[in-house]
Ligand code: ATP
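Before any questions on how it binds or moves, here is one chain, the form predicted alone, in structure tokens.
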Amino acid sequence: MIIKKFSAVNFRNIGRCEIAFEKGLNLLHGKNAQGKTNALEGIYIFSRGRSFRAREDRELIRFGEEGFRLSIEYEDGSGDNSLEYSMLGRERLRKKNGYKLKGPSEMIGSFRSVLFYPDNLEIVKGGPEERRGFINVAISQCYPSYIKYYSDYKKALENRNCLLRAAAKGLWFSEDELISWSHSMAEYASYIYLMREEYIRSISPFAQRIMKEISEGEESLTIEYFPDIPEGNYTREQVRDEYIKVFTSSLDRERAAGVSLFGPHRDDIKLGVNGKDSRLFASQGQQRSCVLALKLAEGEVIHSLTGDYPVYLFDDVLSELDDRRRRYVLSGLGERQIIITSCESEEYRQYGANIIEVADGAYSQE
């Protein structure tokens, strides 16, 4: 998968731009706060359906304007394609190849990218929610149906929590309704569990190989999934039944707590470096290697499933890697397209980078 052009109007500090990208290595070069990350953010919206920095789309509108418009032209195994996304007031419009899409779920899965930015270190250093966030985004690019199952699960969870809060406050609530929402959660949880299990089985060999290559054989990486049901070779119906047991056997505790204490929204994915918990025992360099291995492995999974590599977006992170890790990324481009932001440019020239100068929201090719 190759992005050929990114266009934006009234997005962040960008008034209007058209950026042409090439196969291989592309560098967005400039001083800080000029708009390098804004371009990556606009591109990534077409993969995830929303920004990785802003909570609300209105935060993306250029100051003093009423809306923004984004578009990309890209090539994948099916040929040339285009995607558009615009917002004016509260109205949002999404198009693929000129045809209107109903919502973000219809856009996700068309253009795939892997983002690596400084906050990704929280996948290792942070709490379970960071690792769940990583795997949720990664799976959704491979299996867009995951988004619907997870969204439906969260809606059922919200309704169940509303009843549990009433119970904790001593208010009346319907026991039958609580059981009904527990069964709904179990239904959606069964799909989420199986997709997470399958994804971790898929990504683990790639991540293990990449970690060994990065460290020249000195470091190993393990990925383990810790759900609330016992380990087993389940059918989907059996997974659902296991979750029904979990959700209905702990109701007394949950009524007292006023919240759902179990389920996929509380799962953890544990990462081990050389057999030890990476969060507690890995050095800063090992933690960076761990995240880099995960991100590169994410792309390998996409390639194995679709036949296309995603576009890799590296936001000011290669400068934080040591020489060995940077060389590993830059010398192994192969069929991959990488877009990097950096305040430096000399090192990237030796790899034949397409250099795009960025200044105050304007982009110019060298």
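Given the structure is predicted, the values throughout are model-derived calculations rather than measurements. In case it trips you up, residue 1 is the first one in the sequence shown, and so on.
Just so it is clear, the following notes concern the form predicted together with adenosine-5'-triphosphate, a form of the same protein that is not shown.
Trainee: Considering L305, I61, L333, A54, which brings a non-hydrogen atom within 4.5 Å of adenosine-5'-triphosphate in the predicted complex?
Mentor: It is I61.
Trainee: Within 4.5 Å of adenosine-5'-triphosphate in the predicted complex, heavy atoms considered, which of A20, C343, V9, I355?
Mentor: Only one listed residue qualifies here, and that residue is C343.
Trainee: Would N26 count as touching adenosine-5'-triphosphate in the predicted complex under a 4.5 Å heavy atom rule?
Mentor: Although adenosine-5'-triphosphate is absent here, N26 would stay clear of it in the predicted complex, with no heavy atoms inside 4.5 Å.
Trainee: Contact between Q337 and adenosine-5'-triphosphate in the predicted complex at 4.5 Å, heavy atoms?
Mentor: Output for Q337 is no: heavy atoms all beyond 4.5 Å of adenosine-5'-triphosphate.
Trainee: Might E300 be said to contact adenosine-5'-triphosphate in the predicted complex, defining contact as any heavy atom within 4.5 Å?
Mentor: Answer no; every heavy atom of E300 is more than 4.5 Å from adenosine-5'-triphosphate in the predicted complex.
Trainee: G42 versus adenosine-5'-triphosphate, in the predicted complex: is there a non-hydrogen atom within 4.5 Å?
Mentor: Taking the distances in the predicted complex, the answer for G42 is no, it never comes within 4.5 Å of adenosine-5'-triphosphate.
Trainee: Just to confirm the contact call: exactly one of 306-314, 43-51, 319-327, 27-35 touches adenosine-5'-triphosphate in the predicted complex at a 4.5 Å heavy atom cutoff, so which is it?
Mentor: The contacting stretch here is 27-35.
Trainee: Would you mind checking 206-225 for residues with a heavy atom within 4.5 Å of adenosine-5'-triphosphate in the predicted complex?
Mentor: The stretch 206-225, when checked against adenosine-5'-triphosphate in the predicted complex, contributes no residue at the 4.5 Å heavy-atom cut-off.
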